[in-house]
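In structure tokens, one chain follows: the form predicted alone.
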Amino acid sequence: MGITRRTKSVDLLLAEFDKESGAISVIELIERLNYKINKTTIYRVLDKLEDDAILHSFLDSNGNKWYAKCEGCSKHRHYDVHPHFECMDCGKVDCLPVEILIPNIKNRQIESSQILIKGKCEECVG
């Protein structure tokens, strides 16, 4: 783990991601940790965890930021180039374990991309 200082705030935030298998929105984290950590600290710690390649972030269809655990990333490069899925019925958002090939584009250098797939999750389909 790339965090140099394990503070109470870092431990509380990481504990939330240990409880969840999917992604968690900033809005949800603020609601859950409202009485334990102030909003500014939550944003600061999330930025640090993302810089340290412990979490990655993406935006949902409403522009809200979500975070999920990284897998195999390093401080120098995020390897979380995968699509995210947003259920239009229940609102669940998670990472899809599918590889997406981002094409090379002439005269462009791609630094990152975000793919959000919307539909119905496995629980809402049936």
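In case it trips you up, residue 1 is the first one in the sequence shown, and so on. In this text, the rigid core denotes the largest set of C-alpha atoms whose superposition between the two forms falls within 1.5 Å. Keep in mind that this is a model prediction, so the values were computed, not measured.
The same protein also exists as the form predicted in complex with another copy of the chain; that form is not shown, yet it is the one meant from here on.
Enquirer: Report yes if any heavy atom of residue 50 sits within 4.5 Å of a heavy atom of another copy of the chain in the predicted bound form; otherwise report no.
Expert: No.
Enquirer: Going by a heavy atom distance of 4.5 Å, is residue 21 a contact of another copy of the chain in the predicted bound form?
Expert: Looking in the predicted bound form, residue contacts with another copy of the chain do not include residue 21, since no heavy atom lies within 4.5 Å.
Enquirer: Answer yes if any heavy atom of residue 100 is within 4.5 Å of a heavy atom of another copy of the chain in the predicted bound form; otherwise answer no.
Expert: Looking in the predicted bound form, residue contacts with another copy of the chain include residue 100, since a heavy atom lies within 4.5 Å.
Enquirer: Taking 4.5 angstroms as the cut-off for heavy atoms, does residue 116 touch another copy of the chain in the predicted bound form?
Expert: The answer is yes: residue 116 has a heavy atom within 4.5 Å of another copy of the chain.
Enquirer: Establish whether a shift of 2 Å or more occurs at the C-alpha of residue 100 between this form and the one not shown, with the two forms superposed on the rigid core.
Expert: Yes, the C-alpha position differs by at least 2 Å between this form and the one not shown.
Enquirer: Please say whether, between this form and the one not shown, the C-alpha of residue 15 moves by 2 Å or more once the core is aligned.
Expert: Residue 15 C-alpha, core-superposed: shift of less than 2 Å.
Enquirer: For residue 110, is the CA shift between this form and the one not shown at least 2 Å following rigid-core superposition?
Expert: Yes, shifts by 2 Å or more.
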